[in-house]
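Okay, here we've got a single chain as structure tokens, the form predicted alone, with questions on binding and movement later.
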């Protein structure tokens, strides 16, 4: 007898400089929607590109930025959400919300990608330090009086990391809570869990895993193009179509937004004590199984509710 699935229920709203979770409350789900769910700088745009290449069979010139908006982005115009209702074909959007602030639909399929928090912090430092003045102006506008101003900060990623670690993921939303929320539902039948490191180690295998999960049959004649178009080199060359807003809010454009895609840049910078402190905190916040997966990837297959 089929088990009864305990679908997640939204229990909170999350309003930050970046997020307005209420945007999901009136979202009109379709039965074949795809939701890419990641913490910031954890392979979001990369995963969107993979999905787009599978849906559009390796085609060039797919404007991922326009087709796949960040639904709860506070500064996103309402028109971008309204345009989703007019899209023809299968839709794919992104979210950076923890599960408890998200409307989770049994109709949709979700792809969650995890990444070591130290790599997240290093990547977000590039994102923040190389942003244009306009990006800061947009996000600082309309915030309640007394809200600290979001500023560019130091060019030193180590300095950025220390504040991120000490102040619960500043200037972003809480990292540990986010990871816990998605890990807790990893056995749901409409959720695929991936890890950034595994995608780096086996891109082709990861793309095929996504295709199988989304019930997309791959045309093998198109396969070499699909793989090439999901590489970082290709994405960087075509960043004006792939990066959010074409990279307009970053110095150097989309090629700055799509940076190196590398892990471990912190290893020769953080002290042994800092590395140990992160590992201890990760284990305390997530438990040993989840913290080990977040650091190294390679999640074992987990039983799904059927």
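Numbering follows the first chain given and starts at 1. Keep in mind that what you see is a predicted model, and the values were worked out from it rather than measured.
In what follows, reference is made to the form predicted together with adenosine-3'-5'-diphosphate (A3P), a form of this protein that is not presented.
> Which listed residue (154, 147, 87, 231) meets the criterion of a heavy atom within 4.5 Å of adenosine-3'-5'-diphosphate (A3P) in the model of the complex?
Of the candidates 154, 147, 87, 231, 231 is the one lying within 4.5 Å of adenosine-3'-5'-diphosphate (A3P) in the model of the complex.
> Is it the case that residue 265, even though its partner is missing from this view, gets within 4.5 Å of adenosine-3'-5'-diphosphate (A3P) in the model of the complex, heavy atoms only?
Residue 265: yes, in contact with adenosine-3'-5'-diphosphate (A3P) in the model of the complex.
> So, in the model of the complex, is residue 257 in contact with adenosine-3'-5'-diphosphate (A3P) at a 4.5 angstroms heavy atom limit?
Flag for residue 257 set to yes.
> So, residue 261 and adenosine-3'-5'-diphosphate (A3P): in the model of the complex, are they within 4.5 Å at any heavy atom pair?
Because a heavy atom of residue 261 falls inside 4.5 Å of adenosine-3'-5'-diphosphate (A3P) in the model of the complex, the answer is yes.
> Would residue 194 count as touching adenosine-3'-5'-diphosphate (A3P) in the model of the complex under a 4.5 Å heavy atom rule?
No - in the model of the complex, heavy atoms of residue 194 and adenosine-3'-5'-diphosphate (A3P) never come within 4.5 Å of each other.
> So which stretch, 277-285, 58-66, 45-53, 25-33, is the one near adenosine-3'-5'-diphosphate (A3P) in the model of the complex (non-hydrogen atoms, 4.5 Å)?
Among the candidates, contact is made by 45-53.
> In the model of the complex, does each residue in the set 37, 95 and 177 place a non-hydrogen atom within 4.5 angstroms of adenosine-3'-5'-diphosphate (A3P)?
None of them does, since no heavy atom lies within 4.5 Å of the partner.
> Taking adenosine-3'-5'-diphosphate (A3P) as it sits in the model of the complex, which residues of 146-175 have a non-hydrogen atom within 4.5 Å of it? Please list them.
The stretch 146-175, when checked against adenosine-3'-5'-diphosphate (A3P) in the model of the complex, contributes no residue at the 4.5 Å heavy-atom cut-off.
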